[in-house]
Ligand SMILES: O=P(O)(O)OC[C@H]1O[C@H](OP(=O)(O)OP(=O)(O)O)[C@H](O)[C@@H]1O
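To begin, one chain is listed below as structure tokens, in the form predicted alone.
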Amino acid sequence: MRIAVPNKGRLHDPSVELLERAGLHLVDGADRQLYAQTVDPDVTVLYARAADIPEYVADGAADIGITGLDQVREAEVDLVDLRDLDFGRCRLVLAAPEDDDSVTAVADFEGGRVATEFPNITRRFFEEQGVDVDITEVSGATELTPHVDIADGIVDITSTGTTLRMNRLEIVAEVLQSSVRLFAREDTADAEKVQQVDMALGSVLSAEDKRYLMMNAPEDALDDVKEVLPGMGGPTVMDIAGSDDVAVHAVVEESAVFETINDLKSVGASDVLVTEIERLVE
């Protein structure tokens, strides 16, 4: 099975890191190579441009792919969105010069020109809005086009809006919210190996905001300890040889750890240990 992964740019390192954390360690994956083997002899990584990955998966060159939702929508291919991988979040927005009072709503672009690296997404957006525009495809420096009379506005990616503000552009409307996802073809989405990879990636994401708590507690305080723990289901309780105490283990949200430890101490828990969780298969 081949997994298509961005070969460079802001999506490359997080994608490879996620595969590594999921146990799919890459071997012999030097830069500039097209392929990399993993510790699983049945799984190979294929490096490709993020924009090309939807076509690679759709055409069968790869079985699954890691890329942005924006790239799949732009490629106009029919893929199954298996999982949001929770990174690479951004928005595609329609923006216009902040000092142009004549363009403050989508309808104001009627008969105008819009520059973008995403012509298909942009075309569909304006069609849905019932607004007729002339779309100019550019390959970079999109934010400059309104200032050199190439376009009245742009559709471009933004994460924080800083680049737009630096170029004196103001957001008129949101076109699409995007993040990096795991995609598959319909005929491969239910394949056993695809499901195994999906589960492995999901187990890493499930563990990210969780912590594993271990503690000792008097057996007669166990009900109070259980009441305090905000974990997933009931805690695991084990006898401690030669002691009236029991060992209690639980998974809790990272955000609740500070308050939970204080509450546990107040009901008699001791020797509280907090550890990170690498993977959590729910």
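Numbering starts at 1 and runs along the sequence shown. Everything numeric here is computed off the predicted structure, so don't read it as measured data.
One more form of this protein exists, namely the form predicted together with the named molecule; it is left out here, but the text below deals with it.
| message | At 4.5 Å between heavy atoms, only one of the stretches 203-211, 97-105, 156-164, 187-195 reaches the named molecule in the predicted bound form; which one is it? | response | Within 4.5 Å of the partner lies stretch 156-164.
| task | Decide if the three candidate residues Glu55, Arg73 and Glu137 all line the named molecule in the predicted bound form, where lining means a heavy atom within 4.5 Å. | result | Negative, none of the three is within 4.5 Å.
| query | Contact between Asp152 and the named molecule in the predicted bound form at 4.5 Å, heavy atoms? | reply | Because no heavy atom of Asp152 falls inside 4.5 Å of the named molecule in the predicted bound form, the answer is no.
| query | So in the predicted bound form, does Arg10 come within 4.5 Å of the named molecule, heavy atom to heavy atom? | reply | Close contact exists here: in the predicted bound form, Arg10 approaches the named molecule to within 4.5 Å, heavy atoms only.
| Taking heavy atoms and a 4.5 Å limit, what residues of 109-130 are near the named molecule in the predicted bound form? | Contacting residue: only Glu117.
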